[in-house]
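Only one chain is given next, in structure tokens, and it is the form predicted on its own.
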């Protein structure tokens, strides 16, 4: 029979899809590496499978153990998926800005989800990073994956994502654009691609309110760059050890609003329902497009599936509530009834 032993056997080998209607007249080739087609709907399936398998080989976790991780949602779901297949317990600590869909998905696989404040420094005892470290000390036979400082994060993409893209483009890729969070995806993929061809340009996409772009340019951790933002799985308020900044040629920033609008446009023009960070990657392409040669072969990594953002960027009321729909944008899909209801609610909130 043609079958797989488990869902983990179908991780990776995601397709490249041409973005013919999103390339804005660009004469080169623009391709999307659609990671939402992994079984866990994101690129994080790759690191969950790789890191846990390696930890087992090294005896860092034993049968009946507990996987602990700090996550913005996608890694958490992937870790919960691996835990379910392998029979581990799973505790996930996540920031409170994460969409409710992500929380429900992680809980559906049996994970114990702990919600932590997002507006605190990562070293604060209440942050999701610090809570994970404490639980790791308290729980015997537990593994704190710690994707932000785990070199295995980078290795997973070096051995899978990079080779896949190189093979799928017949070695013709000239530019790779990827959102930056832990930095493992962009760093591991970049390392492999540059080993094949040092001329391949690596473009990272950061969020406004994050310090990654400034650190790349000045090698200084500037806390004045930090402020709250809505983008999920993009940017950081500290420097992740899993990021190899020397492999990245340029970092551009994406706004919350434009990222949301471009993700929605991608769904309507290409039929690809992708996540919030994918919209940020499209912003990155838009910013560097004037600098690209006419024969460029550009690969955009679209990290996850849009079903995890139905209460946010694909929800017209939420888009209106956070101010992403301006008067000229109401033709983009928000109904007059929803618009008026939201305006009325804001007035009531103001006077209550």
Ligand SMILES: Cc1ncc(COP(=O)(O)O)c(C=O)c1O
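On a predicted model such as this, the values are computed, not experimentally measured, just so you know. Numbering follows the first chain given and starts at 1.
Heads up, the form predicted together with this ligand isn't pictured, but that's what we're talking about next.
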| property | result |
| --- | --- |
| Heavy atom of residue 304 within 4.5 Å of this ligand in the model of the complex | yes |
| Heavy atom of residue 162 within 4.5 Å of this ligand in the model of the complex | no |
| Any non-hydrogen atom of residue 72 within 4.5 angstroms of this ligand in the model of the complex | yes |
| Close approach of residue 204 to this ligand in the model of the complex, 4.5 Å, heavy atom | no |
| The unique member of 92, 190, 179, 254 whose heavy atoms fall within 4.5 Å of this ligand in the model of the complex | 179 |
| Option from 304-312, 56-64, 317-325, 285-293 whose residues, in the model of the complex, bring a heavy atom within 4.5 Å of this ligand | 304-312 |
| Residues of 277-291 having any heavy atom within 4.5 Å of this ligand in the model of the complex, listed in sequence order | 277 |
